[in-house]
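So here's one chain in two forms, each on its own in structure tokens, numbered structure 1 and structure 2.
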Structure 1
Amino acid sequence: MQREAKKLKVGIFDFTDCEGCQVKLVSLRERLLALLERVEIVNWRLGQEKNRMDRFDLVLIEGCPITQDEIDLLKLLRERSTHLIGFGTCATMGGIPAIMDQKERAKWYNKIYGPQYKPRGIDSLPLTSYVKVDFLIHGCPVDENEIVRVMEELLSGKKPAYRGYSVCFQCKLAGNPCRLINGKPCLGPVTQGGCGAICVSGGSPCYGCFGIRDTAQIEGLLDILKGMADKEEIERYFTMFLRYTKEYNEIVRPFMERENG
């Protein structure tokens, strides 16, 4: 008699976020039910009433921790999980909350709430600023197909791999005219594919919410952008989502400093 395969224990947690990525998870519908046949969700505040802290085979975390309580919980979850996955751009790169740095945030706290206000929140940083993260599912919000792909690879005992192509490849498939050729800024050439080029297809530029792809030619793109945008606009494109990435700090920031010098 064949023994039933042991289900993976999964926890789904969220910190500071809009919960849009978890809505994407729910929108999987039948595909989510198929995944649930192979996993046991033991903690998911948004999806069930009864939850427990346990040792987890897999933890998915949406959002960035901006309070000490959230940071402490993140570190506890890291200790209790075999695999910890950042889920959505807020978790993987700081996202929209990280657009404003600590100094600017303090100015607006004072302007809106007055000098007596004592905020609980600190700077918005990605999960990787505090703990080791095993894989990052990028996107603002995440793409449903990417969720399923990563989950199926983990359930098969494989280490998930990042996409080996850029957003430009998916723009070509979608039949989009190239923004750069038409003199419009875009981060598509250096951004990891997997989003389906949804922003460019909708008439917006790519701001890199799927993260920097491997072997990206960032300096080449910066040289191209210099011919179509001023330094402030280029900085705005790269700091929308990428401010806390290694590539921004090692390549883009020095480039901008040289240009400003």
Structure 2
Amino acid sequence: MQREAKKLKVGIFDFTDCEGCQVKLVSLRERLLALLERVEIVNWRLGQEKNRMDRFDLVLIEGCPITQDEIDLLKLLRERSTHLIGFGTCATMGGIPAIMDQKERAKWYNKIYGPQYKPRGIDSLPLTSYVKVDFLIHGCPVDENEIVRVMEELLSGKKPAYRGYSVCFQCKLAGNPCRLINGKPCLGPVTQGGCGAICVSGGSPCYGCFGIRDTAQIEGLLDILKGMADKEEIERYFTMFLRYTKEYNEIVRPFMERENG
């Protein structure tokens, strides 16, 4: 009974997004049940009827805080939680919604909804643009094994670590022929591993949804990409998920501008 009392209080929240990362959570099936036994889910709109807004030991946030209500809730959750975790690329880097910046948004509101419409959305930025975030579980969608790994570490009171290796490392283990060698762009070399190179294994490129890894050689990759893709294409690869990363702004953008000049 004593252990019961010590169960971590967890909240799972979702802002604007596709909810695919929560679908991944449910896809854990038996492993999800095992995790749930060790915590108390105090708030999960998608999963349960009775929800409370008290203090949380751990809050998982999926999605991009686009509306003012979402931004306000994010700030409130930060105040009320000990650990606040970004869950999926929409939360950790802005994800697919962040392909469009604020200026573009204004134009498209008009085209899609007409001039009378009062937009609710403000901008599509990652959680870190508004509050301090304790750990980022990247992925569009997140990977089942990564969820379990990070949750295990958090539940045992450890600070979770980011993966030190790249997608390429897992791609080679999977036995895929390298796209770059065949003249096809790929962001695997600069991307944090953990997904098992699943997109490349399926025949698609890696667009970097697991985030830029530590000590990534971005210039090196840009030099290789330059040989097989034009500036616009390189830009399209990096803006699929990585537009709001420090590396995009400090390295990729200036590189493109130099290429232009």
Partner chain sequence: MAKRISESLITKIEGHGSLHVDWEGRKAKLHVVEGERLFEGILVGRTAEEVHWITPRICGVCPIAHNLASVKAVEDALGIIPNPTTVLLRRLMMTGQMIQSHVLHLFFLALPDYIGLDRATELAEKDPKAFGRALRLKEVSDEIAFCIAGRNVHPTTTTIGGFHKIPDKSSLQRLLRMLEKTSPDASWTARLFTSLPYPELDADLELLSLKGDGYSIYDGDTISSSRNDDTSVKGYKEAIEEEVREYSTAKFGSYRKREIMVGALARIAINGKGLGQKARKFAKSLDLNNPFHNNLAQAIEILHFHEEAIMLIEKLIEEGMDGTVVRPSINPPLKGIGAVEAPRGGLYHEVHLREDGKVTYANIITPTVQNLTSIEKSSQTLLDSNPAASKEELKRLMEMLVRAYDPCLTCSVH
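Heads up, when I say rigid core I mean the largest set of C-alphas that superpose within 1.5 Å between the two forms. For residue numbers, the reference is structure 1: its sequence is counted from 1. In this text the structure is predicted, and so the values were computed from the model without any measurement.
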- Item | Form selected (criterion: the form predicted together with the partner chain) | 2
- Message: Is residue 156 displaced by at least 2 Å at its C-alpha between structure 1 and structure 2 when the rigid core is overlaid?
- Response: no
- Message: At a 2 Å cut-off on C-alpha positions, does residue 181 qualify as shifted between structure 1 and structure 2 after fitting the rigid core?
- Response: no
- Is the C-alpha displacement of residue 113 equal to or greater than 2 Å between structure 1 and structure 2 once the rigid core has been superposed? yes
